[in-house]
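Two forms of a single protein chain come next, each set out by itself as structure tokens; they are called structure 1 and structure 2.
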Structure 1
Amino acid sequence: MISIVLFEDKANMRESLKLLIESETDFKLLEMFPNCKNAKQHILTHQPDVVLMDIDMPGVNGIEGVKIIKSVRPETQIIMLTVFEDDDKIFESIKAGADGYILKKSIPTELLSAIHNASVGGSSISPGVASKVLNAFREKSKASNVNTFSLSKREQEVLELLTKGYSYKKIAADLFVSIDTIGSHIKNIYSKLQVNSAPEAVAKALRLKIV
């Protein structure tokens, strides 16, 4: 039997989810709550296998709720159940410790499958969200690497064009600056990346995912 606790502020959605969960003979809905105000106490009392967590709730939101639950009972699997496809909310939820991210508009069988997956330590993410998660992590990783070398925005642009095989003249034309200016940017790039040539700079940029 898979035990479940639901956090959802909208009464009609709580009732719909209750009916869906209770339609499965191996699911047991322990309790439903309209917010995460007392999430710590609720989780310690009920000790559910799976939590269905809305994001946009008054007071303590779902992302904070995930942090609270994972801090007191990390083995509880948490599925974010939300209307949001916003990149920041997705990324913040996963960083907080969410084990899955399902859109409320998903078909019921997708949610039921997600609960089953979560109960055995698996992760479920709606297809439309999966690509956003990947892109978010890529962008965060890219930003982190760029910051490591302290490249300016213009230097990053020049380096990206170098990786595309552009000549100094072509880069200058695309960025509407002089070739001398591009030469100056490239010298700075070499210095910051600690390389001595364009091929070295391109190889390092690609290897470390700077561009």
Structure 2
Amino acid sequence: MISIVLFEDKANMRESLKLLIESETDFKLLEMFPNCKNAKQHILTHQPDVVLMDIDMPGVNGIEGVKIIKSVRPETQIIMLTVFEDDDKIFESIKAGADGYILKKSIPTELLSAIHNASVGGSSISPGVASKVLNAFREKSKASNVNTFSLSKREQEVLELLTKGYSYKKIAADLFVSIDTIGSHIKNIYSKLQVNSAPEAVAKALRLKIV
């Protein structure tokens, strides 16, 4: 038996969802609320397995609601319901800790299987949303690797030690060469990265993930 609490401001939507949920024999709709006011209390009282959370609600919105619920009872599985495929809201929700993201226009069975999935720790994401998430994921991982700035192997090593905050002396000791050699390498690194100081080089290296 999967227990469910629903947060949704529009009365007719609440009724539709209620009917849908009650059509499944192993779902139990514990309660419905029109906003996230006192969400903390509601969750602690009802201890639901799964929460269905509308994103756009007056007062305390769904994203805030997720934060509240996850902070008081992290094991609660939360599925976001929304009409929009709005990038910001999607990412905010995910960061807040949402475990699923279903568009309201999805077919009803999709929501039902999302609830089933959530109850066993799986996440369901509507295809259009999933596509945005994957793209964002790629964004964060790319940019790198292409710009190796054709640093030589040794220069790469030196740069890495530089990003650890090592001084010339320490780097020299680490690599068993003279401090002047390190000076040379660093000069070359600066020229390749087009910077003029260690902090700048470190910043560039870390930002472009070439370390």
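Remember, predicted model here, so these are calculated numbers, not experimental data. If you superpose the two forms and keep the largest set of C-alpha atoms that fall within 1.5 Å, you have the rigid core. Residue numbering: structure 1 sequence, from 1.
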Which number, 1 or 2, marks the form predicted together with the DNA?
2
After fitting the core, L17 CA displacement of 2 Å or more between the two structures
no
Please determine whether the C-alpha atom of I182 is displaced by 2 Å or more between the two structures following superposition on the rigid core.
yes
Taking the rigid core as reference, does L159 move its C-alpha 2 Å or further between the two structures?
yes
Value in Å for the CA shift of L193 between the two structures, taken after the core is superposed:
4.4
Could you tell me how many Å the Cα atom of A203 shifts between the two structures when the rigid core is held superposed?
17.0
